[in-house]
Ligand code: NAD
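Heads up, the chain below is alone and in the form predicted alone; it's given as structure tokens.
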Amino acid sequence: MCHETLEDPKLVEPTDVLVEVEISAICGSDLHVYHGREKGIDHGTVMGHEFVGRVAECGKDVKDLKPGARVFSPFTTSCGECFYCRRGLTARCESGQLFGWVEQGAGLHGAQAETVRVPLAASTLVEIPNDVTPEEGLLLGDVLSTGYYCAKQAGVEPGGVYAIVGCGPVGLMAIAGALELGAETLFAIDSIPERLDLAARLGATPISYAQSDPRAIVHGATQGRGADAVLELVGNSSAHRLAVNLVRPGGTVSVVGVHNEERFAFTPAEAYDKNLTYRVGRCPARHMIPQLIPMVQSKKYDLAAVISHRMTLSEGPGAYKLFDEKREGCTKVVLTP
């Protein structure tokens, strides 16, 4: 049974905060649940892990956040003190939880709602600076931090040749991240015209794999070598395969696309024969956010251009369908309660 209305969340732990949601968003990873590719989530779970809102109520141990403060959040909570948090891997916090995932009664409801409970609030939530818009704050919490992390994980540096596989919201933010890290030759691969247009506006060279051969173009631009690194932001076997085909010997494939396949799209022998470096994993968004706020404040990139549709929460089912089917030029949907 699916629920449209649930009880309002309540403070559970003294380190909790309740946030009244101003805007939330639908993420590409939400579609894995939508299609049943990721299983185990309880019926009635509130989805959504990207949000901006105002603090409504604080647990007694929360000192630095006050009611009325406008905040945004990474997609997971983190304590800031455990082995992983101290090493900057906040996505693997020993006490962390993913917003929008409840399994067998345990977990954390998400933010596609009027109110969201935030555990470990003092080390999870970030107050929005005055010169950062709510939509920019929303992007900082997930897609910008993840895209930038993918570029950083790829070892992007000035002078290299790089390829982006997938120009969805995270892929577009990876373009901005790669450019911020000094990329000069940057190819962006997709088949959807609206996404390729946005990639070009951000500063990449777009390649439609529906109309041309990305491998021929990238290898043609590198004297037959291939890209120094390939950023894979889709999360399926064909994107995986293309990334390995595009990267040069000794290069890096950086993956943040959420994969559900049982096997890699390449063999250990192929990786060995290419001296391939393969880096993969969930972005430690809370660790990345302080580094990225100045990039947003610079207004160097029109980051909010990735948002194509702004809809109400009550239109959520239709918004999921629109986003999933990529109709009406849909690239990203923001929801308001």
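Keep in mind that what you see is a predicted model, and the values were worked out from it rather than measured. Counting begins at 1, following the sequence as shown.
Here the subject shifts to the form predicted together with this ligand, a form of this protein not shown in this document.
Looking at Gly100, you'd find every heavy atom of it more than 4.5 angstroms from this ligand in the predicted complex. Within 4.5 Å of some heavy atom of this ligand in the predicted complex lies at least one heavy atom of Arg195. Interface membership of Asn236, defined by any non-hydrogen atom within 4.5 Å of this ligand in the predicted complex, is confirmed. When this ligand is considered in the predicted complex, Lys326 lines it closely, a heavy atom lying within 4.5 Å. Of the candidate stretches 291 to 299, 268 to 276, 65 to 73, 29 to 37, only 29 to 37 contains residues with a heavy atom within 4.5 Å of this ligand in the predicted complex. Distance criterion of 4.5 Å from any heavy atom to this ligand in the predicted complex singles out Ile189 from the list Ala227, Ala111, Ile189, Leu140. Shown without its partner, this chain lists Ala154, Ala178, Ala163, Val170 as candidates; in the predicted complex, only Val170 has a non-hydrogen atom within 4.5 angstroms of this ligand.
Contacts of stretch 245 to 272 with this ligand in the predicted complex, defined by any heavy atom lying within 4.5 Å, are made by Val256, Gly257, Val258, listed in sequence order.
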